[in-house]
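Before any questions on binding or motion, here is one chain by itself as structure tokens, the form predicted alone.
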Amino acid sequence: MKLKTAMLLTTATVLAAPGSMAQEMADSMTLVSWGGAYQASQIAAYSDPYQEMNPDVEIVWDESSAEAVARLRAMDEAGNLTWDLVDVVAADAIRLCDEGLAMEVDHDEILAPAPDGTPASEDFGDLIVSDCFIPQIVYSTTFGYRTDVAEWNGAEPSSVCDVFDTETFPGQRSLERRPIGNLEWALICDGVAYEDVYDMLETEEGVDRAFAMLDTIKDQTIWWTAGADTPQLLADGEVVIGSTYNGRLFSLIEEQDQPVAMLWDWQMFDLDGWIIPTGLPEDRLNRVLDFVNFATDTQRLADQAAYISYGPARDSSAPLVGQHAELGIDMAPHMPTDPANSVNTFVFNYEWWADYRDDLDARFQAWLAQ
């Protein structure tokens, strides 16, 4: 991918291996993530151990990743960069990279190799979807549903298209307040083949068709903006079925023991990882690089899977995934990549969404306001 000149850094400190740094490092960092169970897993696996090794470093967590693109654009325009490291989905990383708001990195220079010496770029492999993206996890957006809905007469959803079947499965739904994922599901459930979805969405007819399908459940849908919303709505019985991140549903089902089950059909695979904002002062950048080198090594990514059911992005981490840190249950069967859970999976076209996201975001918000 060709990157804007603004993303290219010429100072040697940027590409120096963090373990060999003698430069001054800041004594604080602001890390941006998504809150909830996911951020708690990052704190347990990454930042708490890092602070044990570096007790003088203060780490402040911000939960604004859902607005990362808009917020970083505003910071760049104002010339006031207050974030040091930002957790984003792959499509947003590509957008930020293209706009020069995320720093281009040499993964083999700044990240630790695998224990057997395999370079980081090979260990992460195809999950490095942008020169600015530092992968952490593979996750999915999927549906959870109440298992105690009297009106369903003992039936349970088995297909994502049951979300659109309000006759068999009446009740309030919850869907994310953005087009990504929702448009793909709508077309799949309107009969479009998986391999044709993005070609269809490039046409006005296809977009209209997706929104027409969403129209059929619009009045029975609560639109969420935070990953914690659907689990809370399900727990409170305000919705009977809703989308969210699979790790949030794992927490609801296994940790909170709620009467909720997973619907894995056509789960939306996605990647999440770090980007380093362009323009950090040298001492802040040095601290970030030191932290990233630690937080993305093989053991740390495997450790995160002990707290939440997201697959580690490194190949070398997978064999180290064991049991839940508190529940003592095997985590592998709860991963979105488990064969039993991934019969039908939808893999996002990250570059497509990077190109079309702004236009479809505007169209989606206008549709919601109608």
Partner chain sequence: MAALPPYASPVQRAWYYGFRILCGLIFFFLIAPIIVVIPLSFNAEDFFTFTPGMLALDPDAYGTSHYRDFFTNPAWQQALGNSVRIAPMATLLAVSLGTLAAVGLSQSHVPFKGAIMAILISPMIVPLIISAAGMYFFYSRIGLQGTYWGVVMAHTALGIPFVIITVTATLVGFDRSLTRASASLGAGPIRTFFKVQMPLILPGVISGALFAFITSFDEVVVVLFVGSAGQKTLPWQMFIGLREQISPTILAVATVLVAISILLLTTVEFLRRRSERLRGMSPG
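Numbering follows the first chain given and starts at 1. The structure presented is a predicted model; accordingly, all values stated were derived computationally and were not measured.
If you look for the form predicted together with the partner chain, you will not find it shown, but the lines that follow are about it.
Trainee: Is residue 118 close enough to the partner chain in the model of the complex to count, meaning some heavy atom within 4.5 Å?
Mentor: Outside the cut-off, so no.
Trainee: My question is simply whether residue 299 lines the interface with the partner chain in the model of the complex - judged by any non-hydrogen atom within 4.5 Å.
Mentor: No, no contact at 4.5 Å.
Trainee: When the contact criterion is heavy atoms within 4.5 Å, does residue 78 count as touching the partner chain in the model of the complex?
Mentor: Yes - in the model of the complex, heavy atoms of residue 78 and the partner chain come within 4.5 Å of each other.
Trainee: Would residue 50 show up as a contact with the partner chain in the model of the complex if we use heavy atoms at 4.5 Å?
Mentor: It does not: once the partner chain is placed as it appears in the model of the complex, residue 50 has no heavy atom within 4.5 Å of it.
Trainee: Give me the residue from 228, 200, 253, 161 that has a heavy atom within 4.5 Å of the partner chain in the model of the complex.
Mentor: Looking at the other structure, the residue within range turns out to be 228.
Trainee: Pick from 291 to 299, 68 to 76, 264 to 272, 136 to 144: which stretch has a heavy atom within 4.5 Å of the partner chain in the model of the complex?
Mentor: In short, 68 to 76.
Trainee: Scan 248 to 263 and note down the residues that get a heavy atom within 4.5 Å of the partner chain in the model of the complex; none is a fine answer too.
Mentor: Stretch hits: a single one, 248.
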